[in-house]
Ligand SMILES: C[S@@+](CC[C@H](N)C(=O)[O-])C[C@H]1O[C@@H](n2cnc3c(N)ncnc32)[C@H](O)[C@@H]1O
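In the form predicted on its own, a lone chain appears below as C-alpha cells.
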Amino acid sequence: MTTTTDQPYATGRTRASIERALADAGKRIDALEASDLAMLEDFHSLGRLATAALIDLAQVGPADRVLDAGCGIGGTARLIAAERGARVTAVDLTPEYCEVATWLNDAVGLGDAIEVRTADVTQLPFDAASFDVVVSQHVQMNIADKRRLYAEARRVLAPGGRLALWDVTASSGGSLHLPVPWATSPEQSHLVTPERLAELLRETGFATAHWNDLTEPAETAMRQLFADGQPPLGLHVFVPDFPAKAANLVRNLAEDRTRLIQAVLTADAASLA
C-alpha cells in the first residue's frame, strides 16, 4: 500500500517491531523462511489469500517482467518471485517500507530476484513498455488523481500487458467509519465507485479481462479471521491501531459503505494514454 499524500504508514519503528515479533515467535532472522512472514507482509484485505488469487487470475509466470506498484513491505513481490519465478520490481512512496522490504527480501534469499525502489506510482521512474504485469493492491484509495495513476501504469506496460487490481471502492451506504487501514481522516481517503473506477481504466487505455465484486465472500472471510484474534505475526505488529482499523473495514463492507473489486485488465495495443 502506498500513497501520494501524507499518510501515517511510516512510524520509524517498522523494522524494529517486526524483529521483536519474529523473536517473540521463536523465529531467527538468520534462518528466516518466506512462509514465516505470510501473516504480516500483505497489507491489504484478505492478505495472502487475495494476492495468490490475483496473480493466478493474471496468469503471472516466470517470463513476466512484473512491477509491484505500491509494495508496502514487499509481500506480493516476494510471493511472485518465490512461487512464480518472475523478476519483480517493487516500488513504494514510503522509504521506511522500502528499506524493510529490502531487508526481508535478503533475509529470505530473494534479494537477487527483487529490485526495490522508493518511487511515486503516479510518476514512475521507468521507460515505456518496461513491464508485462503491473500489480496494484489497495493503492488507489489514497490517490486523488487516479487518471494519472492509471496512465502511468499503462505507459510502463507493454501492449497486451496486464494490470492486476485488488481494490476498495465506494458504495451507496454512506460515509466511512474511520479509522480504516488506509486512512485516519476523511481527507486521506479517495474512494470512487466501481463504475467510476472502470470508466477511468477504460479512459486510460485498458480493456477489462476480469472484473469480480468479492465484497460479500471477503467480508465473511475477514469476519471469521478476526474473530480468532490477532495472530502473533499479524499486521498489528507494525500498523498502528490495526484492530480498530480492521474492524471498521469489515463494518464498512457489511454496511455497503465500501466494495471490494478484483480485476485484471489488458493494455490496449491501439491506445496509449
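Heads up: residue numbers just count along the shown sequence, starting at 1. Since this is a predicted model, take the numbers as computed values, not measurements.
Unshown form predicted in complex with the ligand; subsequent notes refer to it.
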| query | finding |
| --- | --- |
| One stretch from 38-46, 243-251, 202-210, 59-67 that, in the predicted bound form, holds residues within 4.5 Å of the ligand by heavy atom | 38-46 |
| Heavy atom within 4.5 Å of the ligand in the predicted bound form - the one residue of Lys146, His138, Arg154, His190 that qualifies | His138 |
| Contact residue in the predicted bound form, from Leu176, Leu110, Ala119, Ala86 (heavy atom within 4.5 Å of the ligand) | Ala119 |
| 4.5 Å heavy atom contact with the ligand in the predicted bound form for all of Thr169, Thr215 and Ala263 | no |
| Touches the ligand in the predicted bound form: Phe131 (any heavy atom, 4.5 Å) | no |
| Close approach of Asn105 to the ligand in the predicted bound form, 4.5 Å, heavy atom | no |
| Residue contact check: Leu163 to the ligand in the predicted bound form, 4.5 Å heavy atom | no |
| Residue contact check: Tyr150 to the ligand in the predicted bound form, 4.5 Å heavy atom | no |
